[in-house]
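This document opens with one chain alone, in C-alpha cells, the form predicted alone.
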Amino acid sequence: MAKYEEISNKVRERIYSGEYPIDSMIPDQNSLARAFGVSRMTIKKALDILAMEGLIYRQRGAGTFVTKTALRNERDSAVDEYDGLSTQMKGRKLVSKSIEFAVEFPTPLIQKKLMIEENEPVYKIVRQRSVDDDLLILEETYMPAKLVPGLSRKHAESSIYAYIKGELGLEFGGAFRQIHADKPKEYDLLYLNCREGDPVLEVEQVVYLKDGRPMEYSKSRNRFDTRSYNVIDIKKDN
C-alpha cells in the first residue's frame, strides 16, 4: 500500500471516529506533512482520495473541512481493505454473533483455496455481524488450525484478526478478492433478514500471510441495500 493511501486511511478513521467532527476544519497540509513525516505532495494525494469520497471539501482561503454528507457510506469498504470489520468499524457498535464454530477436515474446495492436505484440520466459523444494531454481514470463514492455534468462539465473537495479529504476531501479506452477486440462500433469509428474490453481494477472498501461506478463505454476504464496496482510482504521476 502506498504511503498516501495509508495516510488517507488514518485520516478517514479520524473522521469516522469523530476525532475530526462534521463541519470541523482538519489540519492544513503542512501540519499533516510534519505529523506523518512525509512530503506535502503525499498529503495532497491522501486528501484527494478523501475529497473524491465526499468526506472533505476545500474552501479557498479558509481550509479543508469535514463534509456533512459523503459519497461513501460509513458502512462501506474499499475493495482493497482486508484488515477486518473491527478495524473498519472502529468507534461504532459492532456485534459479532457466532452461529457455527467447529474444527473439521477440509473439503476439496477448502483444500485448494488454503493449499492444505485433506488431513489438515480447519476452523469453520459462521458469524452474523451487525453495526449499530443493523444486520450487515453474514460471514463463512475457514482457517488452517495449525496456522491459528488456540482460536476460540470467544475470539470469533470479538475480533479474530486482533487475536491473529496481537497475540500470535502474524502479519498479513495481501489478499485476493472476488465480488459477485448471488441469490439468497437459507442462511441469508435467516440471518440477514433477506426476502426471497433479494440479491446478495458476496465477497469471496483468500488472505495470505507475509510468507505467502494462505491464512483464510472466506465468503462474506451482504444484503444488496446495506453495504457496497468502493474503488478509488487516483492518476499516478508519470
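Numbering starts at 1 and runs along the sequence shown. Rigid core: the largest C-alpha set superposing within 1.5 Å between the two forms. Fair warning: this is a prediction, and the values are worked out from it, not measured in the lab.
Missing here is the form predicted together with the DNA; even so, the following discussion is about that form.
> Scan A181, A35, M41, L189 and let me know which has any heavy atom within 4.5 Å of the DNA in the predicted complex.
Flagged contact: M41.
> According to a 4.5 angstroms non-hydrogen atom cut-off, is G212 in contact with the DNA in the predicted complex?
Result no; G212 lies far from the DNA in the predicted complex.
> Residue-level question: is Q205 within 4.5 Å of the DNA in the predicted complex, judged on heavy atoms?
No, Q205 stays farther than 4.5 Å from the DNA in the predicted complex.
> Is R58 near the DNA? Define near as a heavy atom within 4.5 Å, in the predicted complex.
It does: once the DNA is placed as it appears in the predicted complex, R58 has a heavy atom within 4.5 Å of it.
> Hey, in the predicted complex, does T67 get a heavy atom within 4.5 angstroms of the DNA?
Result no; T67 lies far from the DNA in the predicted complex.
> Going through 1 to 21 from first to last, which residues have a non-hydrogen atom within 4.5 Å of the DNA in the predicted complex?
Going through 1 to 21 in order - heavy atoms within 4.5 Å of the DNA in the predicted complex - the hits are A2, K3, Y4.
> Superposed on the rigid core, does the Cα of K210 end up 2 angstroms or more away between this form and the one not shown?
No, the C-alpha position differs by under 2 Å between this form and the one not shown.
> After the core is matched up, is the C-alpha of L189 off by 2 Å or more between this form and the one not shown?
L189 C-alpha, core-superposed: shift of less than 2 Å.
> Given a change of 3 Å or more, say if the Cα atoms of Q178 and E6 sit closer or farther in the predicted complex than in this form.
Between the C-alphas of E6 and Q178, the gap widens in the predicted complex (3 Å or more compared with this form).
> Relative to what we see here, could you say if D133 and I56 have their Cα atoms closer or farther apart in the predicted complex, with a change of 3 Å or more?
Compared with the form shown here, the C-alpha atoms of D133 and I56 sit farther apart in the predicted complex, by 3 Å or more.
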